[in-house]
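There is one chain below, alone, in structure tokens, taken in the form predicted on its own.
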Amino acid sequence: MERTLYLNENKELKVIRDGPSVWVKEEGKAGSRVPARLIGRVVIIGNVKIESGVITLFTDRNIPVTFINYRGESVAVALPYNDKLPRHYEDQKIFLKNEQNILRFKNWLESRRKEIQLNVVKRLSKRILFKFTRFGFREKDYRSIINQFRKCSLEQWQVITVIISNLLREMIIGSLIRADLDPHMGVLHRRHNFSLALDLCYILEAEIDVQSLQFLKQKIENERLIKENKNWYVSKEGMRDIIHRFENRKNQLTNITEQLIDDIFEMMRELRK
């Protein structure tokens, strides 16, 4: 499994290119050399001194580089430049060919989304899961459950979920590019940038919910969520906590994403018949 390179804001930190590797240097500490071939994802948080050659080192290898701030907003994404369309671009058009195919894709999205929601409810409460599996549940029932567990303001909740959502989207974009799919050709988020990645994020949204709940359980004791100038931010310690939790779950999330991509190829084959 390829590793994720996280570069968190630090005035003493400097990242430079050294051939096929990067050097991560911090004043007063021994630097570390990281071969690019071991890296599968790159996330830069806040203001980091970094050579432009480091960015191109990764984009040349089809690895997107995501920049986010401490409110979790995705400031920019650097993608590999390629004037050729992805190999499966023409095949993906089948999903938008007619209303029937669009409906098929949307039904698949909703079905897979419910599976993920049920798995998350199972982790939160087996009693509620039993009720859901026996009597069924709707989207508003799921949201009601999450709101019951959410012990914070809506603004605090949004700051956390946006950060995790960006980490997840960055992971999905990398998987779509490696699969030679166009990340911009989705159905539910049609005509949005990264619409296919957003469609897969929609399926996995419950994973964002559960990681946010786990983070918020600890925020008060550790001051990981702070308020400055009337706005909520995640502290550096809080960001490390979010990343640590996301990395612990990364293998499972990667496997689910790959299964979803397999589903997409399967649907394309069926619709072409």
Partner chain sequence: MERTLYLIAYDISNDKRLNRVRNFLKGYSTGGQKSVYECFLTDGELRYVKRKLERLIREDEDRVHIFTMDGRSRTHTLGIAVQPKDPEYFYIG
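Just so we're clear, the structure is a prediction, and the values are computed from it rather than from any experiment. Residue numbers count along the first chain shown, from 1.
Form predicted in complex with the partner chain: not shown, discussed below.
K.L.:
Could you tell me which stretch in 225 to 233, 206 to 214, 26 to 34, 51 to 59 has residues with non-hydrogen atoms within 4.5 Å of the partner chain in the model of the complex?
P.N.:
Every other range fails; the passing one is 26 to 34.
K.L.:
So, in the model of the complex, is S21 in contact with the partner chain at a 4.5 angstroms heavy atom limit?
P.N.:
Taking the distances in the model of the complex, the answer for S21 is yes, it comes within 4.5 Å of the partner chain.
K.L.:
Might Q252 be said to contact the partner chain in the model of the complex, defining contact as any heavy atom within 4.5 Å?
P.N.:
No, no contact at 4.5 Å.
K.L.:
Should R3 be counted as a contact of the partner chain in the model of the complex, where contact means heavy atoms within 4.5 Å?
P.N.:
Yes.
K.L.:
I'd like to know if L7 sits close to the partner chain in the model of the complex, meaning any non-hydrogen atom pair within 4.5 angstroms.
P.N.:
L7 belongs to the contact set for the partner chain.
K.L.:
Where, within 241 to 255, is there a heavy atom within 4.5 Å of the partner chain in the model of the complex? Residue list please.
P.N.:
Contacts from 241 to 255: I243, H244, E247.
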